[in-house]
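Only one chain is included here, represented as structure tokens and corresponding to the form predicted alone.
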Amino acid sequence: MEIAETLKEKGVDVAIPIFEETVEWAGAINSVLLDNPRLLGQSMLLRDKSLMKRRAQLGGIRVGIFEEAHERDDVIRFLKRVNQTLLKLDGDPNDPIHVKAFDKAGCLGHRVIRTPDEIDTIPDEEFPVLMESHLDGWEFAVEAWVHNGRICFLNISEYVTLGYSVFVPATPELEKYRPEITRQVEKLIKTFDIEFGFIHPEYFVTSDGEMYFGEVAYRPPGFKVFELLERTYGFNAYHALVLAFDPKTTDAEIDAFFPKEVVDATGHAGCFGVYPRRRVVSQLSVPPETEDHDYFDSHELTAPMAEKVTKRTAFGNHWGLLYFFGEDPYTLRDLLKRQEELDFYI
């Protein structure tokens, strides 16, 4: 309250969440600056994965089966119940479940559990967690700028491998779902009472064309997608963030700022998160087939600080990103996939 009132006295109009951890702070401050106490509750919904799922469900949005787990026994029970529902017999391999931290950013704390033995790998400090049934389908992300409840610009980011690589705009195969994706995002905006700002939801499209909601964040996406958008469209996505969050921005200013989705793209931009494949490394070594490729733009990798590579548990942080840009989305998609087989630290 003290921070909000101090900012108000200094003429600040609105707080913009840049990182996951600041979503609630921005919501609390905006509830004072904009004299709308509901903005704090809204920010809580957009931060807590369990509350988020329930609100989506109440809004009639399709989600998988989910529950909260406070201890390992809850996870064992959920795994059994999900597979019982799927009519699995003794000896059949389990369908996996997903376990996620309530409020960590991106892929942090995300685990795929197939057997009761794997549940023992979850550290005590990660509880409570959200558990979800697995959805077979095509997962992708959306970045949508919203002003006066209207979508100003909607990008579809195509994952090549979740946690490793993404590119924008998506392939024509995914872009064909744009009308339905737009309809789903509009439903999300209405369900979560979003008047302005920026949302970053994730969805699944199943083999029969049904769309399921995964989760939504109320801050810029990871994997430098904003930088990828600037590379391919030329507009500064952070500038767009400021415009969309500011209630004083006019519709004319919004319309003049944003390019036309897909048709105004000058190419496809993607990035790959590098995880060392060896347990012990001594130097950075970018493979020539990567560095010499026509689509290679740059990288932000640095020399290793230690020789021993910490074992990766769940989906954690990468060591740095490689950036690519090119005209053909399929060449880019194959190129990003290929990076998973290469060593960047030896």
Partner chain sequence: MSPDSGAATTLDRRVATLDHAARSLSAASDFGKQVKLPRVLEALRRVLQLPGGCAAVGARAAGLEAAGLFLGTDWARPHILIPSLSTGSLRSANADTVVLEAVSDLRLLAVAKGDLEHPMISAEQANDHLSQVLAVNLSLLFTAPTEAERVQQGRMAEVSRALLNYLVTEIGYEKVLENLVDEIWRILRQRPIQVDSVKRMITQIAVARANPDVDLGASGLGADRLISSLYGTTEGCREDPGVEIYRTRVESMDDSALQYEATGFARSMHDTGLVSPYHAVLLRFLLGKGEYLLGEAMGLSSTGRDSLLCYHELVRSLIEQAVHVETAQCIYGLTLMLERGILYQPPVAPALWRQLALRLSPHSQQRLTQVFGPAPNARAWLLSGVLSVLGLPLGIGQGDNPTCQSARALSMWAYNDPDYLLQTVVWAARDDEIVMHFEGRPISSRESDAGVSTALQHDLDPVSLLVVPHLDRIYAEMGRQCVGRDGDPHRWINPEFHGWWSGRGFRINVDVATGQLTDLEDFQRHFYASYHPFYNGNQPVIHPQPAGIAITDSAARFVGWHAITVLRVNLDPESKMRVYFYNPNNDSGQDWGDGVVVGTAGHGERFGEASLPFEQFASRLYIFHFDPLEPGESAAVDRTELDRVFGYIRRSWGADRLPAEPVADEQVQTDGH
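These numbers were taken from a predicted model, which means no experiment stands behind them. Numbering follows the first chain given and starts at 1.
Although it is not shown, the form predicted in complex with the partner chain is what the next lines describe.
**Student:** Tell me which stretch of 45 to 53, 32 to 40, 288 to 296, 62 to 70 has a heavy atom within 4.5 angstroms of the partner chain in the model of the complex.
**Tutor:** It is 288 to 296 that comes within 4.5 Å of the partner.
**Student:** Does the partner chain get within 4.5 angstroms of any non-hydrogen atom of Asp74 in the model of the complex?
**Tutor:** No, Asp74 sits far enough from the partner chain in the model of the complex that none of its heavy atoms falls within 4.5 Å.
**Student:** So, His200 and the partner chain: in the model of the complex, are they within 4.5 Å at any heavy atom pair?
**Tutor:** His200: no contact with the partner chain in the model of the complex.
**Student:** Residue-level question: is Glu21 within 4.5 Å of the partner chain in the model of the complex, judged on heavy atoms?
**Tutor:** Contact check for Glu21: no, nothing within 4.5 Å of the partner chain in the model of the complex.
**Student:** Taking the partner chain as it sits in the model of the complex, is Glu327 near enough to touch it, meaning that at least one heavy atom pair lies within 4.5 angstroms?
**Tutor:** Yes, Glu327 sits close enough to the partner chain in the model of the complex that at least one of its heavy atoms falls within 4.5 Å.
**Student:** Note which of Glu195, Asp246, Glu230, Glu175 lies within 4.5 Å of the partner chain in the model of the complex, where distance is taken over heavy atoms; exactly one does.
**Tutor:** After the contact test, the surviving option is Glu230.
**Student:** Hey, which residues along 37 to 67 are within 4.5 angstroms of the partner chain in the model of the complex, non-hydrogen atoms only?
**Tutor:** Nothing in this stretch is in contact.
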